[in-house]
Ligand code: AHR
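Quick heads-up: it's one chain on its own, the form predicted on its own, in structure tokens.
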Amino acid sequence: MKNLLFLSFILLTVNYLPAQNQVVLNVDLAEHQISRHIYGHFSEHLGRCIYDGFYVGDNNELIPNNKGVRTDVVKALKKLQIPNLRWPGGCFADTYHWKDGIGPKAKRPTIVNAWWGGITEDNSFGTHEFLELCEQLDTEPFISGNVGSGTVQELADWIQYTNAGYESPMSKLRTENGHAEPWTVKYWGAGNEAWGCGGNMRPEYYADLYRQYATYMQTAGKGSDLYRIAAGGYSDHYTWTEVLMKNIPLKLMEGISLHHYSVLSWTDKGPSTEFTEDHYFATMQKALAMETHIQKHSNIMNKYDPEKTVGLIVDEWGGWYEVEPGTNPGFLYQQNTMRDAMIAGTTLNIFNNHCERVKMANLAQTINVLQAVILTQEEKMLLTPTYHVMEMYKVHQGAMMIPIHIKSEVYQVGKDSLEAISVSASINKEGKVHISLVNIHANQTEKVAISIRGMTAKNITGRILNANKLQAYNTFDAPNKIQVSNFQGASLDGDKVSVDLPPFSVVVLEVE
């Protein structure tokens, strides 16, 4: 009966509102928390993400650092309040043997990164360095274990090495390497993309293999209960999710992953900056397909896990284009434009609105790779449009998701069309409502009428990210060309908000 009354109210309200785009917020129906872990990040041994990005070495006197970790990067990421950081991959995870990256650095063996550029690295950044980075960032580590070329014992030993608070062979080894106290790492992935670079496995085979690994991924002392994440499918790999949910006991799995990239095609990814409106529209079609993929994977999970005890973990997402001209193709270095801001804003709105099932997500990747939030060039550093979107959206972390109803105008290119606006909203412990809105239309301002149900609104403020053209981006010579500014395009009249959203813009409103 309550739902019928709610639906009737929405229909009446939407018909009443005069604007092109109409949104109803139901503040009094907020009941699901937006996990802060939805705003996680990803750091792989790929290109210049780790080396030159996060880590510049213990003896670098040119770039300010703390134990080899760039201080400017730490400062920027702490402002984002990043909740978790995934490492060491990616495809690299299933070639990484963690014992190569511990102990005296001069004695660590080298490794050829066959997946990404074929370079040889010295393993100077390993478990201790990663967990030191996480401590500096005040973030939780998320470690992807090696299933593709590793062993059950190897992963079990790694967990014991990081987490054992009692005397054991691995805790003794950890102490000998200078860290007597355990780190108690909670989040562990059992392999990565097992259907592809993680072993080209069949889902039935991986499900059985996961059961074996998960059995030996034991807790290792007080406060170290693990959150074990099975390697799920890509985009529309619905059969993969079905097989894993059917064949893995819920008691062995806390999460199942999903990867989805906004890529035009794997043979022609298109340019990162000199793209056309057709390129942009096609990219947004891919990005907005995240809604369908999450809904369909969730429907499958609901059949086997109606209580929603297993989280959907979107631990790789973002835009993927051709690399910048003149750079190593295996390093996946690309610029970051307002198109990427559109991908970030709409995708995070989707995650927020599906927070009942989506419990973690990781943007790919943090620095110098794919849709990065930070780019570095020797001692220089810049923040990308994607960084600014995630900084604006941090107000949703840990807040209660507000159910919304949207009636959107369309953005049409050729015969295809997409909804022009994307919205999510939340209410925090202080009773402040935050509304994040994205207008993906490349050419047209969208007027939005918002009806706020279930609270008395007295004041409204806002922030906006926009630019003079869709292809705009920050450079090392002009690092602040695109940045967040105050938004004056929203007005409040009782429980009604009127908003003028400029083309390709992201706006976050705060209502009190």
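The numbering used is simple: start at 1 and walk along the sequence shown. No experiment lies behind these values; they were computed from the predicted model shown.
We do not show the form predicted in complex with the named molecule, though everything after this point is about it.
- Only one listed stretch (61-69, 23-31, 460-468, 38-46) carries heavy atoms within 4.5 Å of the named molecule in the predicted complex, and that stretch is 38-46.
- Shown without its partner, this chain lists Trp98, Phe281, Tyr261, Phe275 as candidates; in the predicted complex, only Tyr261 has a non-hydrogen atom within 4.5 angstroms of the named molecule.
- For the options Ser426, Asn84, Gln365, Gln334, the one in contact with the named molecule in the predicted complex, meaning a heavy atom within 4.5 Å, is Gln365.
- The putative spot formed by Gly345, Ile440 and Asp500 is not touched by the named molecule in the predicted complex; no residue has a non-hydrogen atom within 4.5 angstroms of it.
- In the predicted complex, the named molecule lies within 4.5 Å of some heavy atom of Asn192.
- The shortest heavy atom separation between Trp320 and the named molecule in the predicted complex is within 4.5 Å.
- Not displayed here, the named molecule is approached by Cys91 to within 4.5 Å at the level of heavy atoms in the predicted complex.
- A residue is said to contact a partner when one of its heavy atoms sits within 4.5 Å of a partner heavy atom; Asp340 fails this definition for the named molecule in the predicted complex, lying far away.
- Applying a 4.5 Å heavy atom cutoff to the named molecule in the predicted complex picks out Trp116 as the lone residue from 95-133.
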